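Take a look at this single chain in structure tokens; it is the form predicted alone.
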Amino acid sequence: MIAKKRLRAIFYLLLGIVFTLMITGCGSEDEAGSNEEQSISDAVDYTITGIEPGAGITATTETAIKEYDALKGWTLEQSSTAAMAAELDKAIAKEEPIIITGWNPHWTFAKYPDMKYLEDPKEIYGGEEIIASLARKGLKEDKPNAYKLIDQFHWDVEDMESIMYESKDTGDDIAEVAKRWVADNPEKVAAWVEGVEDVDGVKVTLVSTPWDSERSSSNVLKHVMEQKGFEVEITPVDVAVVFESIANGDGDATLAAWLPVTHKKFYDQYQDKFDDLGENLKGAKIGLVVPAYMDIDSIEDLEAKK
């Protein structure tokens, strides 16, 4: 009788052990599944954080989504440059993944110099770009000194980014920061005004986009031209209107043409109706950008949405 009780006890003990092992095994499997590394694509919810609908980089990113298998099913979240930058700030503060439509010159690269562009094997975003100056037909004859100064205006990516970042960091308007920059860089200004005669109130209209990059260049040129006696008005408009205004003669010039990719559509549409003065800045770039801590290097490392 005692033997049977012992056998029964051993049986239930073994049964309990087996049951416990089964539960533990299932728990380990669930835990392993929950700890499985989440893909970057899933972590950002297959979303690219973008800017304004009218921007050239917005149209280019829409093309990239169509052309890259890795971006099939992705969403481009369009809002504003300020909203994109705010989302970037929040993500970097928490070291969370984020993919943005980025470009430089831009103050975010001055603030976060370790950010990186994702490789673009299909070259949808192109390579290095320039920002070009365009003038209306007849400006050279009507206002030769204005034309000469605009033609001689050249500066660097770091110059533009320093103005944008100082404005963001101090809260000062870009126009005020640009004025200080002009005062602090007499050697560069001297090269721009070489051979340019002083004038008495000649009016010049610069047409620009409302983005900080072009606000920086337009305001710098405005302050320099005013030192030579020009009366300068800056008119901020959508990028399509920039090209249309110069082509129609409604504006005198612009410093805001990103080429050869970003504004190609608008450039090609009006290229016979304005004078191309060439680059005023080299080393511009657009593309998909991520913080340095993200372990990804190429657009093709992403995954299509299932």
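Remember, it's a predicted structure, so these values are computed and weren't measured experimentally. Quick note: we count residues from 1 along the sequence shown, nothing fancier.
Below: the form predicted in complex with 1,1-dimethyl-prolinium (PBE), not depicted.
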Handout entry: 1,1-dimethyl-prolinium (PBE) contact in the predicted bound form: Gly56, any heavy atom under 4.5 Å
Key = yes
Practice task
Tell me, yes or no, whether Ser245 is in contact with 1,1-dimethyl-prolinium (PBE) in the predicted bound form, where a contact means a heavy atom of each within 4.5 Å.
Solution key: no
Handout entry: Asn280: touches 1,1-dimethyl-prolinium (PBE) in the predicted bound form, heavy atom cutoff 4.5 angstroms
Key = no
Practice task
Decide whether Leu255 counts as a contact residue for 1,1-dimethyl-prolinium (PBE) in the predicted bound form under a heavy atom distance cut-off of 4.5 Å.
Solution key: no
Handout entry: Complete contact of Ile51, Trp211 and Thr262 with 1,1-dimethyl-prolinium (PBE) in the predicted bound form (any heavy atom, 4.5 Å)
Key = yes
Exercise for the section: Check each of Trp155, Trp103, Tyr147, Trp181 and return the one that places a heavy atom within 4.5 angstroms of 1,1-dimethyl-prolinium (PBE) in the predicted bound form. Expected result: Trp103
Handout entry: Stretch from 212 to 220, 193 to 201, 72 to 80, 115 to 123 whose residues place a heavy atom within 4.5 Å of 1,1-dimethyl-prolinium (PBE) in the predicted bound form
Key = 212 to 220
Exercise for the section: Heavy atoms within 4.5 Å of 1,1-dimethyl-prolinium (PBE) in the predicted bound form is the criterion; list the residues of 268 to 293 that meet it. Expected result: Ile286
